[in-house]
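Listed next as structure tokens is one chain, alone, in the form predicted alone.
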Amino acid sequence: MLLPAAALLGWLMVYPAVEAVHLSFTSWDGFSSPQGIGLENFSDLLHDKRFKEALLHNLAFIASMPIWVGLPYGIAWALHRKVFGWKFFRFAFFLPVVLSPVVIGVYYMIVLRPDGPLNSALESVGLGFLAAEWLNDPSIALPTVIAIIIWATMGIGVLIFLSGLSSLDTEQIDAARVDGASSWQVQRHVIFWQMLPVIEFWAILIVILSFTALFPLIYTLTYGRNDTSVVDFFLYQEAFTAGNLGYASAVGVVMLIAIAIVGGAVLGLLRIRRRGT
């Protein structure tokens, strides 16, 4: 019964992954026969300044994880407590998730342009000194893109945390309150530790998103300029612009290794803290 699904999965996912690993050891332009070159592609990556910059930008996204976790957690907690208008806000926070990344990118590209609505609004209220070229200034372009992507994906985190909060062990919470624990102590010492597996799941999802889901937004917001380029955009450039498919395959392999290392490090830090308590 499972054989057709397993065969389809192997054909669409396993075989391409194995073939990408094989091509990473070759020089291939997509037309001629691949020529084996050993570890040359990986050696070139170690000295490729553009790749290093793109990788650092990915790590900058991951460095924003406290915001990426804390903001949807706080919103989910407020919605779980059924604040006024919680049904509307639950829909409003999830709405960006159902929008195409291209639509989000084009929308913010219009809003954040130098003569766009945001700068015009700042000037109209006397805050013109805050107006900036949000996507063109190299010093603020990357933080701006990070903020947009956190906003675009926040609804997923809110939904995940709401699911976790709905399954809390209320007996432990009631027992802590009976013992005189304050709301903050209950949140920190009881609810947080019950929610830690959910936080770990969302943290790993953030790592995966930070490496594999940024291309459409980066492309539409900044066209992948060097100050905002990320690894998956760099892979696209090498494969479909430069025609270096073997080199692009090496980038894909390194990206997979980076996801495993960074994801393992994040889980390790969370579990060390858990054992420490």
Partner chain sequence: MSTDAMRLGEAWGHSTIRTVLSRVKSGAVWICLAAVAVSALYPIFFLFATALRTKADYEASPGGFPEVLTTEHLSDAFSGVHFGHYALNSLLVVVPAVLLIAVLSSLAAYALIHFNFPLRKGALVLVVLLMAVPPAVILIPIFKTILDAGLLNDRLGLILVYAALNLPFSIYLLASFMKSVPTELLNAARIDGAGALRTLWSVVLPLVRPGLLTLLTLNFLFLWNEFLYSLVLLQTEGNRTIMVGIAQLQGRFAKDYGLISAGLLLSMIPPLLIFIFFQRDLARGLTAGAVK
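Since we're looking at a predicted model, the values are computed, not measured. Residue numbers count along the first chain shown, from 1.
Beyond the structure shown, there is the form predicted together with its partner chain, which is absent from this document and is the topic of what follows.
Of the stretches 97 to 105, 125 to 133, 138 to 146, 174 to 182, only 97 to 105 has residues with a heavy atom within 4.5 Å of its partner chain in the predicted complex.
Put simply, G30 is close to its partner chain in the predicted complex: some heavy atom of it is within 4.5 Å. When contacts are judged by a 4.5 Å heavy atom cut-off, Y73 does not count as touching its partner chain in the predicted complex. Although the partner is absent here, P16 lies within 4.5 Å of its partner chain in the predicted complex, judged by heavy atoms.
Though the partner is left out of this view, Y236 does reach within 4.5 Å of its partner chain in the predicted complex, counting heavy atoms only.
Along 150 to 189, a non-hydrogen atom within 4.5 Å of its partner chain in the predicted complex is carried by W151, M154, L159, I160, S163, G164, S167, in order along the sequence.
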